[in-house]
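Only one chain comes next, encoded as structure tokens, the form predicted alone.
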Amino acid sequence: MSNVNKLLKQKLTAENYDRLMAVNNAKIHEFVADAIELTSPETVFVCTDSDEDISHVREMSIKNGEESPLETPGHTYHFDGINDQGRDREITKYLVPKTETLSKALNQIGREEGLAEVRGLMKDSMKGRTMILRFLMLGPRDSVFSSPCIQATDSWYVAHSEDLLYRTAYEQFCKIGSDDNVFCFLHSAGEMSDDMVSVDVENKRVYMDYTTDTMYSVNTQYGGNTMGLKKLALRLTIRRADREGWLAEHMFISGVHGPGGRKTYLAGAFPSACGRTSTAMLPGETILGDDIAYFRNIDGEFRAVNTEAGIFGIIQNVNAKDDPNIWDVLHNPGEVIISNILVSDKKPYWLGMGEDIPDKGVNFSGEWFKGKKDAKGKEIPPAHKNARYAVALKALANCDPELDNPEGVVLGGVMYGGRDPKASVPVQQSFNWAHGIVLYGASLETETTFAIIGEEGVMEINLMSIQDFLAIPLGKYIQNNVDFVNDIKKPPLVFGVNYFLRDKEGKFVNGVRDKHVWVKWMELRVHSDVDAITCPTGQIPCYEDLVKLFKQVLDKEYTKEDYIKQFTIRVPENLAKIGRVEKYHKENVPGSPQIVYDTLEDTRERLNDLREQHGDYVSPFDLTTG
């Protein structure tokens, strides 16, 4: 018997040892043994796919106080600490070997130094607790898209959340044999308060050792920092996709209905709090995924899957009118976890829900009352802006039936969108795949929001809405996207969208529900059912088509004034944006493909030509006659 097996047999009960040994994989055994030696848990629970085991995880999360029941049967709430309310860029780092370099735009630390630091923080961190082992799958089971993952955590809340968000895969793990193509995640909440909140947030760390496909997370509970299969796995997957010739993307996938009963699948990349989930959840359409997608060339077709099986969505502004499917799930019996909201009389309240919020209750700051202030004298809101809900996709009435199709779905279009108050029109189509990847994806500029710890309202470049998660050179990632369709028979169309364009008075020119019209227009363009007008940055809708769509989709009159406000080409603002993007690539993206600079320069020339003909601000009606 090997030393690894001896340690596992010593530390695990006979039942849990047998469960682990049924997964006959040396890499997994070594990972678990190392995790046990490092963190010193009192017990280890190996969770299978059985209903009894999954129920036990949920029950323990309530029993130990990480979750508490709400009034609606099956609903629970969880609080992260007041200083642990979002994905933390500053403490999320790549462990880079001495022989390698990553882009300076990415947070990183030397591998040896980083391992010593994070493993030092994790030493004996699970004393007196249970280590929970979860066997999960990214992508549908038994699929070319599948990526097996093992999570070791001392948080029953994290383990429970992953039941809702991912596909359980213990039985699949029992079949993988010696395959070492497994992602490993080790998490500890660290020291916890009596309220079961991580205490030592000053020492929270999320470090990725991409040389071994292992993630370490400590002194944090927030899902984006702890649920290994979410953005932590995306970082590892991007490297695997780069090696194997496919794409891992920060995108939703939605089924959009068109004329004649057809359904067209569209994917979209948006930074957090920029409209991703609301676009994926448009009423009357189907949702296949809201966050992470894998793309592969399957026999010349561009196919996509949702890597996840649930939604960890922002709950702020979810209301009965705009989000009926989510609203129903949040108000009917079923398994739902809601985090960092206000709780009063066992009822949850969140910002923008369209109902009166009580003046007191319990929230992420503890006992809360209206006017309560934090240590810096800033008033604490009743619920956090980044409060979340976790729910299985199959609980939604509009869940797409192809969710678990091992072959994925054929993609008709992709869109890139961010918060751009000044320059970009609400929707436009690129001239071709490469043009869209560069001008809408690699040039994505957005205002920062509350979903990421740091200053809000700052304009920043966020390449493809995935920059935070890249563990390969940024330039190589762009080139991978450009090249991906070389052998695709019918590449998806590429669209740029912007729900946050403002007028001179600072008012949004888009209505909240207008996005549904833009998506319906995209669906028609995929099938060449409508024409478009060429402008310097792409192709925009014709006024007559939008009149019909606004009436059909929203039963709303659409005026020429609306069209002019939304689709006037703002030449100075677009030129300024191109300058910022170009500067960013030169300074932060070594090896950025030449096509990036060529596309930006071509766009600059077209904008300047338009300016010479029509001035700084050009009505879309002038484009039709020019």
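Numbers for residues come from their place in the sequence shown, where the first is 1. This is a predicted model, so every value here is computed, not measured.
Omitted from view is the form predicted together with a small molecule, to which the following refers.
- Contact check at 4.5 Å (heavy atoms) against the small molecule in the predicted bound form: all three of R87, Y222 and S272 pass.
- In the predicted bound form, R205 stays away from the small molecule, with no heavy atom inside 4.5 Å.
- In the predicted bound form, the small molecule lies farther than 4.5 Å from every heavy atom of R129.
- Residue contact check for K231: one or more of its heavy atoms lie within 4.5 Å of the small molecule in the predicted bound form.
- Although the partner is absent here, D291 is a contact residue: one of its heavy atoms lies within 4.5 angstroms of the small molecule in the predicted bound form.
- Only one of Y77, F312, Y94, Y170 comes within 4.5 Å of the small molecule in the predicted bound form through a heavy atom, and that residue is F312.
- For the candidate set H160, K520, R388, R134, a heavy atom within 4.5 Å of the small molecule in the predicted bound form is found for exactly one residue, namely R388.
- Of the candidate stretches 435-443, 207-215, 182-190, 222-230, only 222-230 has residues whose heavy atoms lie within 4.5 Å of the small molecule in the predicted bound form.
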